[in-house]
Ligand code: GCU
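Here we start with a single chain on its own, the form predicted on its own, put down as structure tokens.
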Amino acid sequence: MKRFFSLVFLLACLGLCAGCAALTGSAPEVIPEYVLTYADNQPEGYPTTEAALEFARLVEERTGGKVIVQVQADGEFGSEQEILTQMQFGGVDFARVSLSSLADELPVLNLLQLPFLYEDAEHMWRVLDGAVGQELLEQVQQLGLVGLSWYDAGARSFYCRTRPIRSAADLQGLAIRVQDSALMAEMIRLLGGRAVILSYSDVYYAFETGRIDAAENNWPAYQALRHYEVAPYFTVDQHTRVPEIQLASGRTWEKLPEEYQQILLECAAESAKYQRQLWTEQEGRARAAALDSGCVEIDLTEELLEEFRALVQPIYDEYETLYPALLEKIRNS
């Protein structure tokens, strides 16, 4: 009888131990099948880097920890051009870059950043979220990359060190900083300025030394690097809306199972919605902060904007010849 009760007691103890293990959640550790890199040249806290982190979180969650994406911000992998080169060889797996960084190699992408193209932000998103946006994402495959989704970068406007820009005439002869983009340089030439290609981080010093008279960018970029301190006149002409693009390396993509590819596409789409929300919030905060710091905001009438549009018409003449159907779709979206 004593043996019987001892056996019952032992079995009860074993059951109790098993129950405790279940309560403590000591499940087997998941070993990732893929640990992938993600590059962004903006600082932590910026809408694109926050969206990249959300992308990484969603991917880990939906693959059950089998795919881990490690986000590196602050340009740790180099400039956008350097990142793109690494992606083509599989050295970087994912990235967020400006469309301008790709457009010189794939000129059809310039359609999305033609000056004074969109009526407003809603018009641009109808284009990017529709058939044209999907078609151009697929075109990126020609560069050994996979287009995942579009991110917002707002509208770009001119700001000047020496005087307010109230009309196209005020741009005549100004040295104006632009990105390394043939299209943007041509736009400045047609508007009567002189394009100066500089990296984003060198703009403040170029204003201080008088190397440039003006630049063009969005409110968050203008405020984040305190350009209002050296170029206080901000003209809201919104001459271009240059979207950002979330990419995967083609070499990385080919190695992933189709199941994971589909999850990545879904997570990229959700992170894009999240980024647009963050961008809208930051754009409002940046504008308010710049104005509070002494920035002078100049708005242009529709009549004055027509002067700008007339001056850049030669660009449209070229692209209407090259891509007439796509341009027509964009205009009618």
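Please read these numbers as outputs of a predicted model, since none were measured by experiment. Residue numbers run from 1 along the displayed sequence.
Keep in mind the form predicted in complex with this ligand is missing from the figure; the text below concerns it.
Checking 240, 249, 217, 235 against this ligand in the predicted complex, a heavy atom within 4.5 Å turns up for just one residue: 217. Checked against this ligand in the predicted complex, the candidates 98, 157, 110, 86 yield a single residue with a heavy atom inside 4.5 Å, and that residue is 98.
Not displayed here, this ligand is approached by residue 200 to within 4.5 Å at the level of heavy atoms in the predicted complex. Remark: residue 179 counts among the residues lining this ligand in the predicted complex, judged by a heavy atom distance of 4.5 Å or less.
Residue contact check for residue 46: one or more of its heavy atoms lie within 4.5 Å of this ligand in the predicted complex. Looking at residue 230, you'd find every heavy atom of it more than 4.5 angstroms from this ligand in the predicted complex.
Using a 4.5 Å heavy atom cutoff, 41, 221 and 244 all lie near this ligand in the predicted complex. Checking 140-148, 117-125, 70-78, 90-98 against this ligand in the predicted complex, the stretch whose residues place heavy atoms within 4.5 Å of it is 90-98.
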